[in-house]
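Just the one chain here, laid out as structure tokens, in the form predicted on its own.
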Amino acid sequence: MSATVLDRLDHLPRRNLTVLALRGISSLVPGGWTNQTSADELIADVLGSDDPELVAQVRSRADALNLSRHEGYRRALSLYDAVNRSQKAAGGLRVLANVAGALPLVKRLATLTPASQTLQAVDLSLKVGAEMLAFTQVNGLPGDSFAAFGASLTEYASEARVRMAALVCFDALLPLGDNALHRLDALLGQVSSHELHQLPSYAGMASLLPGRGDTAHLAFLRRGVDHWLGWADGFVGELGLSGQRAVRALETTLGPWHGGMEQLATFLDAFTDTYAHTGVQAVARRLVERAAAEI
């Protein structure tokens, strides 16, 4: 990854399916979400000043931190990128060509065949695992800092909070139903090594997970999910999230959806980059906050 985090922020799309999906789901989250696509504007916002010289100083310091081998910013971003590639691979396998679309915004949308519920649960656990590992990289913590990760979720705001709302809605409530969070551990307990290797997302993430072999990886993922669930259950209750509310929110930006919820989840996997998009924004914000504090 040659581009710096701030370079990547400058090149994020201002409007595409990912942005529209995030805008839709952010309507359910207090404080919403701003699609930040300018490093200089982010720096000015963090500083509370748009003085060009000061902005340039902070950007220079941020780029130096980004490029340091001892810092975890690039490694954190590589985790979000891995999730994104794996998500598209998994979604793409379930898209069969040339059947009338369910979404007017897309001229040709395939028939969408959801994965089994156990594989959906593993896919969700991989994203939670990537989120935890990215958190530890940015904060210089060991990769097994489960308790610190669970505690940090209460402090998530802006793009990080909306990413979690998208994760809960797109990867739990839509494909697995409104009681998804209460079924996750049982579903993960049913996963075999054979099923695990059917997932492109596991193939893409396995080398990044702590431990050796499928058993160790599943144990890590289940433990990460366990710490995430305590927060996620309260988050769902606090915001009154449900699959139907998620669909209605997405329809305000994407247009009417005429398929099932599981199909919508598969569509979002195949055609949006919510994790990578908000991951760049979140890592950039943390990087700028540190750089500004050091100037």
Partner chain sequence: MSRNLRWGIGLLLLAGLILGAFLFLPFRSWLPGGSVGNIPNRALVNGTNFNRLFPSPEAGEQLVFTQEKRGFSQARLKRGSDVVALLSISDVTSSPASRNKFIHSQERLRSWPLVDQGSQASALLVADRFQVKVIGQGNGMDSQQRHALLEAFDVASLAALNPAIAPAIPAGREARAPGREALAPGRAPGLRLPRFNREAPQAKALPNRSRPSLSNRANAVLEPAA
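Just so we're on the same page, rigid core means the largest C-alpha set that superposes within 1.5 Å between forms. If you're wondering where the values come from, they're calculated on a predicted model, not measured in any experiment. Numbering follows the first chain given and starts at 1.
There is another form of this protein, the form predicted in complex with its partner chain, and it is not shown here; the text below is about that form.
Visitor: Each of 46, 61 and 292 near its partner chain in the predicted bound form, meaning some heavy atom within 4.5 Å?
Guide: Looking in the predicted bound form, the three residues 46, 61 and 292 all sit within 4.5 Å of its partner chain (heavy atoms).
Visitor: From the list 208, 188, 219, 141, which entry has a heavy atom within 4.5 Å of its partner chain in the predicted bound form?
Guide: Of the listed residues, the single hit is 141.
Visitor: Consider the chain as shown here, without its partner, and state which of 78, 118, 198, 152 has a heavy atom within 4.5 Å of its partner chain in the predicted bound form.
Guide: Of the listed residues, the single hit is 152.
Visitor: Looking at heavy atoms inside 4.5 Å, which stretch does its partner chain contact in the predicted bound form, given the options 241-249, 256-264, 49-57, 225-233?
Guide: One stretch meets the cut-off, namely 49-57.
Visitor: Please tell me whether any heavy atom belonging to residue 159 falls inside 4.5 Å of a heavy atom of its partner chain, as the geometry stands in the predicted bound form.
Guide: Residue 159: contacts its partner chain in the predicted bound form.
Visitor: So in the predicted bound form, does any heavy atom of residue 137 sit within 4.5 Å of its partner chain?
Guide: Yes, residue 137 sits close enough to its partner chain in the predicted bound form that at least one of its heavy atoms falls within 4.5 Å.
Visitor: Going by a heavy atom distance of 4.5 Å, is residue 71 a contact of its partner chain in the predicted bound form?
Guide: Residue-level check for residue 71: yes, a contact with its partner chain.
Visitor: Does superposing the core leave residue 141 with a CA shift of 2 Å or more between this form and the one not shown?
Guide: Yes, its C-alpha moves 2 Å or more.
Visitor: Using a rigid core superposition, assess whether residue 152 undergoes a CA shift of 2 Å or more between this form and the one not shown.
Guide: Moves: yes, 2 Å or greater.
Visitor: Aligning on the core only, does the CA of residue 208 end up 2 angstroms or more away between this form and the one not shown?
Guide: It does, since the residue 208 C-alpha is displaced 2 Å or more between this form and the one not shown after the core fit.
Visitor: Closer or farther: how do the Cα atoms of residue 228 and residue 157 compare in the predicted bound form relative to this form, given a change of at least 3 Å?
Guide: Relative to the displayed form, residue 228 and residue 157 draw closer in the predicted bound form - a change of at least 3 Å between their C-alphas.
Visitor: Explain in one word, closer or farther, how the Cα atoms of residue 269 and residue 146 are placed in the predicted bound form relative to this form, where the distance changes by 3 Å or more.
Guide: Compared with the form shown here, the C-alpha atoms of residue 269 and residue 146 sit farther apart in the predicted bound form, by 3 Å or more.
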